[in-house]
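Read the single chain below, which is given as C-alpha cells and is the form predicted on its own.
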Amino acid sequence: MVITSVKNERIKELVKLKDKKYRDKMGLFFIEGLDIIDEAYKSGVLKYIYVLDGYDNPYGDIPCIYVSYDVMKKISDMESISEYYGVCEKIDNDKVGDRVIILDGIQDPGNLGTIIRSAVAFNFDTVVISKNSVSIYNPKVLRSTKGMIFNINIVVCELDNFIDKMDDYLIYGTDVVSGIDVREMEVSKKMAIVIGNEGSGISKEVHDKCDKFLYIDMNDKCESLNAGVAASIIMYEVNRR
C-alpha cells in the first residue's frame, strides 16, 4: 500500500513534528536522508521510516510506510526531497563525560550542527545546551550534524544549576579582552568549554562561573569568527594536546 494523499491522517501527524511543541509532546522527531537515518538505526532510536514509492526499505526490521512523490514533497522542508524519512524517539540523556562543550544561547542551526560534529571529531564526549538555544531537533540542525547527533551525549538544561555541579572541572569561557591565547591554555583531564550566543556572547550568570577565559588570535582584518568555527578550533586545540 502506498499513501498518495497529503491529507492522510498519518501524514498530517508527521508534518506536525516540524513544530517544537508537538515534538516535545510526542517525544518524537523526524530526520531525512539515508546517512543520518543509518546512524539513528545503529543507535536504536529509529521507530519507522517513510520511503518514496519505487525505492527499497534498507531496514527489514523497521516498519516502513511507502508514499508518493507529492506526499514526500509535503513532508520535506527542502526543495530537493529525499527518498527516505525516518521518525525517531527523542534522545533522553543526562550523562556527562570528561570533555564537555557548553553552549549558552546558540541560535543558529548551522552553528549547533557544526559544533556537534566537531565535538565528535575531536573526542569531546558531551554537549550541554541551554534551554534558550535552538532545538537539537530542528531539521536544519539535524541535517548539519550528518548523523553525529547519535554519537555523542547531549544534555539540554538550565546552565546555572548544571555548572554549579561541576566543581571538579576546569571551565573555560571565551573572552577577547581577558582571555589567554587558546594555544597557551592549560588542559585538564576534566574540562569544559563555554561558547556563547552569536551576538551577545556568554551570559553574565554563566561568565561568572567560568574559571578562566580564552581567545583565538587572528588577523586584525577579521573582527570575529562564528560560534561553530570558534568552538571547533578550541576543541581541536584541546584534542591535540
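Just so we're clear, the structure is a prediction, and the values are computed from it rather than from any experiment. Throughout, we count residues from 1 along the sequence that is shown.
Beyond the structure shown, there is the form predicted together with another copy of the chain, which is absent from this document and is the topic of what follows.
(message) Is Arg240 near another copy of the chain? Define near as a heavy atom within 4.5 Å, in the predicted bound form.
(response) Yes, Arg240 lies within 4.5 Å of another copy of the chain in the predicted bound form.
(request) Spell out, yes or no, whether the shortest heavy atom distance between Asn93 and another copy of the chain in the predicted bound form is within 4.5 Å. (result) Answer no; every heavy atom of Asn93 is more than 4.5 Å from another copy of the chain in the predicted bound form.
(request) Check whether Thr114 has any heavy atom within 4.5 Å of a heavy atom of another copy of the chain in the predicted bound form, and answer yes or no. (result) Output for Thr114 is yes: heavy atoms within 4.5 Å of another copy of the chain.
(message) Although the partner isn't part of this model, could you tell me whether Leu46 comes within 4.5 Å of another copy of the chain in the predicted bound form, counting any heavy atom of the residue?
(response) No, no contact at 4.5 Å.
(message) Considering non-hydrogen atoms and a 4.5 Å limit, which listed residue (Leu170, Ala121, Ile81, Val155) is close to another copy of the chain in the predicted bound form?
(response) Here the answer is residue option Ala121.
(request) Could you spot which one of Met26, Val187, Ile216, Cys64 gets a heavy atom to within 4.5 Å of another copy of the chain in the predicted bound form? (result) Going through each option in turn, the one that passes is Ile216.
(message) Based on heavy atom distances of 4.5 Å or less, which listed stretch (96 to 104, 147 to 155, 83 to 91, 131 to 139) is in contact with another copy of the chain in the predicted bound form?
(response) In short, 147 to 155.
(request) At a 4.5 angstroms cut-off on non-hydrogen atoms, which residues of 219 to 241 are near another copy of the chain in the predicted bound form? List them in order. (result) Read in sequence order, the residues that approach another copy of the chain (within 4.5 Å, in the predicted bound form) are Asn219, Lys221, Cys222, Ser224, Leu225, Asn226, Gly228, Val229, Ser232, Ile233, Tyr236, Glu237, Asn239, Arg240.
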